[in-house]
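Just so you know, structure 1 and structure 2 below are the same protein chain in two forms, each on its own as structure tokens.
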Structure 1
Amino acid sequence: MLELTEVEYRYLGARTPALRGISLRLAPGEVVGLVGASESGKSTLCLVAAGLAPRFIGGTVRGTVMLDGQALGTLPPGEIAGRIGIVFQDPSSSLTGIMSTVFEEVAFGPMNLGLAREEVLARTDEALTALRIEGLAARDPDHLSGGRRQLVVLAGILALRPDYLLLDEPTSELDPAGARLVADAIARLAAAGGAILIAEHKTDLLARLCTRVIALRAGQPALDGAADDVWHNPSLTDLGVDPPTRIRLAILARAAGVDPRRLEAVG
């Protein structure tokens, strides 16, 4: 289990904490959604949970971050990388920049784990197939669109088979078809026992995947609970978050005197 307890994080030189009072437990098979307005702390929370802050970007952290009963800050970076995968909003920050083909890019992580050649090839093929980008295997990552590059980054993380996956706006550069591929891959990973934290503005995507949702305001949890409870909370929009489409339609239907169940029947 990945567990944060009363975590506070302050960037180097910052006068106020970027995160305060964060408690989160990410268990196998669970998908937790993270929402909030821009600058609410979603990306920072992903960095802290992945062990990248403060180890690599400085700052100070209070509280505890535990990975399967061990303090995250005491584990070697290589061990953390094999157990926690993180995907950032900008794919350029995650690509190696040294591999000439997509296949090599996706295989890079498993190779660094020292796995046997057959295992590296199997994991790479499996990850490419999961995201339906096997046709890009021979392409140069630098010559792909932003959306396709993001799929390559995600494939590289999937090839590592991490126990925990942290996704920071993973579909921001993807069209609806690409977003569905990512959602399908996340669902399969969760069904296989993976634990996933996904920060997203696209609440329709989260509504499909998440069992729990945390809404942040200025680095603090404003709402935290079962996904459906959070989506129906009237204060969600005050946090700069639009509820999923089905919730908004139900609200409009009630305002118009229409039974929302009639919309479900039409759908």
Structure 2
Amino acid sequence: MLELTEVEYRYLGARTPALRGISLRLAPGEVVGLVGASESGKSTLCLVAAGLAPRFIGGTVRGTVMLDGQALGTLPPGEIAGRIGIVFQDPSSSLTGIMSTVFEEVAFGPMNLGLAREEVLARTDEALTALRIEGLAARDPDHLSGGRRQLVVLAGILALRPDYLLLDEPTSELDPAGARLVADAIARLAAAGGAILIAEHKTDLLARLCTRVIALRAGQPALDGAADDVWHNPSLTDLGVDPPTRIRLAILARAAGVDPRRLEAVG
């Protein structure tokens, strides 16, 4: 269980907190969506939940962040990475930049964990297979398309076998084809039963995956609940979030006096 309780986070030197009153539980097998306008604190929340803030980027945090009953701040540096995985927006700056093959790139994390050589190889193979990119193993990661590169980054994180996976707008920097590639991969991971937190503004992707959705406004939770309730909440658009296409159509249809169920049959 990854559990944030009444978390308030303030960047170094900032006058107002970037996050306030955040409570969130991510249990095994759960897929939670995080929506909100840009600058609403989605990325910051991911950094705090991954233990990178405040440890690595400074600032101050109040409230508690607990990982399976231990306070995140008390764990030694480098240990959290093996238990909480985080993937950022831009795949090119998320690659190590030192590996000349996809295989070595993915193996980088397990190598850092100091695992036995066979274990590193096994985990790398497993991660590549899980994302169906075994065929890229010998390629240079710098010479791949954005979508494939993001899959390599994701595989590099999966090879660490984290219990919790935090995805910070993993498809926002990708072209439509790349975004679809990554979204399908995430859907398979979700179906396999991982605990995933996804920050996204593409709600269509979230609608496919999430059981629960949290909407942020100016660093504070504005909506929090079962996915369908949040999607249908009329104030969602006021937060700068477009509901998933399916639901938008349904709302429009209802407004136009058409039975939304007829639309479902079409779309």
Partner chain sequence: MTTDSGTTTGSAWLRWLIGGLVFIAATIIGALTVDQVSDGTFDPNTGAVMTAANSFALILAIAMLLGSATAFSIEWFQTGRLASISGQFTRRVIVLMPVAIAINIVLGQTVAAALKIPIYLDSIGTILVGVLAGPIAGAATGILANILWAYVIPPPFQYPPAAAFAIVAGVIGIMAGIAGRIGIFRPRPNRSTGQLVIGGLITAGLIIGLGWLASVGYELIFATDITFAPTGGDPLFQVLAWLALVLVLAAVVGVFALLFIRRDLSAAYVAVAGVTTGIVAALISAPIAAGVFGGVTGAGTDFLVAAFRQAGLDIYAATTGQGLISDPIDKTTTFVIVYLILIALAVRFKARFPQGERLLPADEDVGEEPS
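Take the two forms, find the largest set of C-alpha atoms that superpose within 1.5 Å, and that set is the rigid core. Here, residue number means position along structure 1's sequence, counting from 1. Because the structure is predicted, anything quoted here is derived from the model rather than measured.
S.K.: Sort out for me whether 1 or 2 is the form predicted alone.
M.R.: Here the form predicted alone corresponds to structure 1.
S.K.: Identify whether F56 and R139 share a rigid part, assuming the chain moves as two rigid bodies between structure 1 and structure 2.
M.R.: Yes; in the rigid-body motion between structure 1 and structure 2, residue assignment puts R139 alongside F56 in one part.
S.K.: Would you pull out the angle in degrees that the smaller rigid body rotates by relative to the larger one between structure 1 and structure 2?
M.R.: The smaller domain rotates by 11 degrees relative to the larger one between structure 1 and structure 2.
S.K.: Quick one: CA shift at A177 between structure 1 and structure 2, core fit, Å?
M.R.: Its C-alpha moves by 4.5 Å once the cores are overlaid.
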